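The chain below stands alone and is given as C-alpha cells, in the form predicted alone.
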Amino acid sequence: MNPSRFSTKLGLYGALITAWVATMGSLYFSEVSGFAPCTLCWYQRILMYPLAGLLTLGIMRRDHHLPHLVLPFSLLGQGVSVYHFLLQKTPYLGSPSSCGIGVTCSTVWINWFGIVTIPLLAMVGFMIITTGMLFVIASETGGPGKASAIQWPRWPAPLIVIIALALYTAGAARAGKVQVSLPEFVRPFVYELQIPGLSTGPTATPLPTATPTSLERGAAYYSQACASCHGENGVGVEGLGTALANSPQTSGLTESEMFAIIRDGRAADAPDNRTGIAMPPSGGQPDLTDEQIVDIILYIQSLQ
C-alpha cells in the first residue's frame, strides 16, 4: 500500500470517527445521563460539533483543502479543553464559580481512574483530529508548491455516521430501560457508609452537634460544591437544583440518606429527581472528604 495514501486515509477517517464519537458522547452525557454542560463545555461543543459535519462533507467531496478548514477548530478546541482540564484538576486557574451562575466549570461529572474527566476526553479528541489533519497535509504534499491528488474512497464516511448514530440511539434506549431501577437495586449491595459519628442504622449515633465553626465550614463547602445548582442559602436554582432550605423533602431524609445522596450523586431519571438534571457525585468536587460532607449536612440542616 502506498504510504501516502495510507496516511491520508488514516488521518481522514480517524478524525471523522473521533469527531462523531465526541459529538454523540457529549450528547449522551447531557441528554441521557443528565449532565448539565457548563460554559466551557459549550465552547468545546461549538468547536467540535461542526467538525462532525465538516469532515463528513469534506470527505464526500474529496476536498483537499479540508485539513486547513478543520485545523483552526481543532487547535482552538484543544486549547479550551486543556484550560478546562487544568481548571478542574489544579487550584491555580480560578475559583469553582469562575463560570458564573449555573453549573460551574470546575464541576467533575466523571472522574475515571482519578484523572479522566470530560474535558480530558475532549482534549484527546481534538488532539486526534489535529494529528489526523497533519497526517493528511504531510501525505498530500507531492512536491514544492504542488499537491498530489489522492482519491480516497467516499463510502466509509456515511457508514461511520450511520454507526455513530445507531450506537447513540441504542445506548439511549438501553439507558432508558435500565437506568431507573439500577442505582436503588445495587446500592445496598455495593455501598456501605463508614463515617465516624454518622447515623447508619438503628444503633448508630447521630451527627456531631453543630457548632459555629462547623456551620461556617459547612457554608464554605456548600458554596463550593452545592450553591451553583441549589442556590446560595439553599434557595434553589430554577432548572438546575431544588430548594434545600425549608424543604419537606430535605427534612424528611435521614443523615445517612443525605450523605449517600451527596457522595453518590443522583441520576437524572431517579424517581425522586424532580429537575431531570443529574447531580454529580460529591457535588462535582471529588476531593471532598467525609468530614467535609458531614459539615455540609449540618449546614443544610441548619437551613430547615
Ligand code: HEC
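This is a predicted model, so every value here is computed, not measured. All residue numbers are counted from 1 along the displayed sequence.
Absent from the display: the form predicted together with heme C. The rest refers to it.
Proximity to heme C in the predicted complex, taken as heavy atoms within 4.5 Å, picks out 270 to 278 from the listed stretches 54 to 62, 41 to 49, 270 to 278, 25 to 33. Only one of the listed residues (Phe73, Phe85, Phe135, Trp109) places a non-hydrogen atom within 4.5 angstroms of heme C in the predicted complex, and that residue is Trp109. In the predicted complex, at least one heavy atom of Ser228 sits within 4.5 Å of a heavy atom of heme C. Proximity of Ser256 to heme C in the predicted complex falls outside the 4.5 Å heavy atom cutoff. Taking non-hydrogen atoms only, Gly283 approaches heme C to within 4.5 angstroms in the predicted complex. In the predicted complex, Leu240 approaches heme C with a heavy atom inside 4.5 Å. Using a 4.5 Å heavy atom cutoff, none of Val80, Ala122 and Thr131 lies near heme C in the predicted complex. Scanning 244 to 270 for heavy atoms within 4.5 Å of heme C in the predicted complex gives Leu244, Gln249, Thr250, Leu253, Met258, Ile261, Ile262, Arg266 in sequence order.
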